[in-house]
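Next comes just one chain, in structure tokens: the form predicted alone.
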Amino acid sequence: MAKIGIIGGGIAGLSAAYDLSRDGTHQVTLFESSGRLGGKILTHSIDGMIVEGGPDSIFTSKPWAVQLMTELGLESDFEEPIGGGFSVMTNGKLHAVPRALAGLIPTASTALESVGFLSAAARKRITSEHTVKKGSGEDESVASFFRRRFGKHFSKTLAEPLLAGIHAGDAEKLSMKALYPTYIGLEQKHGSLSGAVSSPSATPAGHAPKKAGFLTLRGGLAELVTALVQKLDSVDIRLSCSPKVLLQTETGIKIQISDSDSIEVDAVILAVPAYASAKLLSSIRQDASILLSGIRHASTAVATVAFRASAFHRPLSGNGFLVPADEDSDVTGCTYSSLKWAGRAPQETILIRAFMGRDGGLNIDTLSDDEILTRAESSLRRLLDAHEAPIMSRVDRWSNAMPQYELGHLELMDKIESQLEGLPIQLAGTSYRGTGVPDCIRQGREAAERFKGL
């Protein structure tokens, strides 16, 4: 029976453990440095409210999460958003974003005419996108790509906060090729993004699908973690256990847990952030360790607050708002959870998640929880015109948890993986080849598949 060590109990590590433990031919040991499983998937139940401390949904155009949830029998708990639309902050005020712009491929000039936060010159530049010469197809930043295709104003106001904001990143540094290759492919195939819209095969990430583009689970995403863990009876799960280093032996890999404790396995899946993998590999592949250390991560926080519905002078609309990087705001974006998903809060209660911290912006590591909440509450009450204090608040901190896929990230991963060739070691997780829940599941299951023959 092959022995497999999995380091990291987030969704990537759990997905790998699930696949490897099912056929009865692998002895799996999973190490998790914290006292719980699930990584950034964290759901709280507070005073009748379902509060997500991390992601609140999965992207359905990437099928791997939906597939796993269905395998686990969770399909009856699927929930689609009950609300739609969002706003963007411009000059300190919120403006609704019309559906024609939400997919970042605006084509309807009539819809653009009613957009108050875009100047006439900006609207003209957007509608002339089809005349812009296509790029080389090489990697470029998120900001560069959308600035080149639609102009500076559209890029700064919409594309950058939407696409870079998800990653708490700097749009001038983040790689389109690593994060949003579909847009590059559409440009190369059709010559422009506007021209791609008329093609029935063109369905770019972020463009409005025929069905809901996002799903969650009725009781929160932690239901996925619970369902997975229930399938891991044969897995040796070691919580609050953080291996120090990997050592190569004649027959496999030794996982050194402490000076006096180690286990030897036939293969290892590193389902931890790049900087953690770097430390574990430092004695076995120094070159790969150095490269992994170069993948930067940003710290973020989710400040969740609940207000009485009567606290607002005017009703909230849409699912939330985005904040461009050049706006004077401590909050980078916001989701109105109880308006987006059914059953998240009691009636007459508005549950809101505010996102804080970004690469090159507010450093939440220097702030206490109270300071984060004070800043979040102040921003929300001002923007949303609330005249009462929240009735509930909490902070979930994610230190060094958001990997920054900078220009050249895919080439960097190619180099790292080439240096690991010949070793029974696989990388899986948010630092490597996809950051969202579906991509982490895919990576975990792919890593497991490579070791199934052992």
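Start at 1 and count along the sequence shown; that's the residue number. These numbers come from a predicted model, not from an experiment.
If you look for the form predicted together with a small molecule, you will not find it shown, but the lines that follow are about it.
Proximity to the small molecule in the model of the complex holds for none of S61, G103 and A325, with the criterion being a heavy atom within 4.5 Å. Of the candidates S57, T43, Q426, S393, S57 is the one whose heavy atoms come within 4.5 Å of the small molecule in the model of the complex; the others do not. This chain appears without its partner; in the model of the complex, the one residue of A276, L380, I263, I237 with a heavy atom within 4.5 Å of the small molecule is A276.
Mapping the unseen interface onto this chain, G8 counts among the residues with a heavy atom inside 4.5 Å of the small molecule in the model of the complex.
At a distance threshold of 4.5 angstroms between non-hydrogen atoms, Q27 is out of contact with the small molecule in the model of the complex. Within 4.5 Å of some heavy atom of the small molecule in the model of the complex lies at least one heavy atom of C440. For the chain shown alone, G357 is not a contact residue for the small molecule in the model of the complex, no non-hydrogen atom being within 4.5 angstroms. Listed stretches are 49-57, 66-74, 382-390, 407-415; the contact stretch with the small molecule in the model of the complex is 49-57, by a heavy atom cutoff of 4.5 Å.
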